[in-house]
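There is one chain below, alone, in structure tokens, taken in the form predicted alone.
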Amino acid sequence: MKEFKILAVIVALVAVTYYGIEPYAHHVMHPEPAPADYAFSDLKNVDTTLKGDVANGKVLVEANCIACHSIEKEGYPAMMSDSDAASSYGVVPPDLSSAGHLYQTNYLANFIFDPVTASNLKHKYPEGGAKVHPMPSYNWMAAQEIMDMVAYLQSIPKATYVSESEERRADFIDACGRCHSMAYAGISARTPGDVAKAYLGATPPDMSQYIKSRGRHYLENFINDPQRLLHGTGMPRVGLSEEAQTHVIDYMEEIGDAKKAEREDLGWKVMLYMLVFAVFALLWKKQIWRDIH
């Protein structure tokens, strides 16, 4: 009987902790952030309902973008090596071949208009401050011209992949690989670590095990808007579409937590074993200490 009293005390303490302290800690001291906003509805500088003209967008992109950005699929190679580009801009400028498919339309248009506001980095690049964002604002452009550029970027054919895993890997590299490495997958950051540290304020972490240390739910909100979970961080709001962000997190899970399904399937078996073991332990205890009791 004594064992059941002890068990009751333990259950009561766990219940108080789980239903009393935990909710307060998680919902009052550290409230749940709003769900990820894949429409980036706070960005309203560009009228994205305008229909873009692909031909004019191509002309505008050629005139304004390819001096810094490569578009390999369209035959525009990078003007300099990754190390030289990183030294010049603070980070390697992305190849725009996949930009139209990787980034959400509203974000992409507003990023062209004002990169600092779109990426939510006003604290890092305040107006009139010493530091300026490596990409200039194109807020002098008409909304129609910006939407023409977006239309052209979205018209670039999406690459074909032999497997879903290959597509997820490609999206991870295009979205994250300029700053982050993933050693377990043989991916090295294109921007040298010391340059990235100077640009961001800290060395970007390797992503190999981040899915385990942070969890999927955290990453869904963090990638969508880092400032909501880590105010003051140097990581920009990336602006991925929901599909692209899902690909990125799926790939992080594939590499960093490949045994997840197997582990979850094993969980109930371990609990069943512990329950059976507890019953046998109780019976054994009663048998051994019967005379004393």
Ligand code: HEC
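Here the structure is a predicted model, which means the values were calculated and not measured. Residues carry their position along the shown sequence, with the first being 1.
As for the form predicted together with the ligand, it is not shown, yet the points below apply to it.
The ligand is not drawn, but in the model of the complex it has no heavy atom within 4.5 Å of Pro192. Using a 4.5 angstroms threshold between heavy atoms, Val46 stays clear of the ligand in the model of the complex.
Although the partner is absent from this view, Arg169 stays clear of the ligand in the model of the complex, with no non-hydrogen atom inside 4.5 angstroms.
Residue contact check for Met147: none of its heavy atoms lie within 4.5 Å of the ligand in the model of the complex. This chain is drawn without the ligand; in the model of the complex, the residue among Cys176, Val116, Ile156, Ile187 with a heavy atom within 4.5 Å of it is Cys176.
The stretch from 34-42, 48-56, 259-267, 66-74 that comes within 4.5 Å of the ligand in the model of the complex, counting heavy atoms only, is 66-74. Although the partner is absent from the chain shown here, none of Arg216, Asn221 and Tyr251 has a heavy atom within 4.5 Å of the ligand in the model of the complex. Residues Asn64, Cys65, Cys68, His69, Tyr89, Val91, Pro93, Pro94, Leu96 of 61-97 are found to place at least one heavy atom within 4.5 Å of the ligand in the model of the complex.
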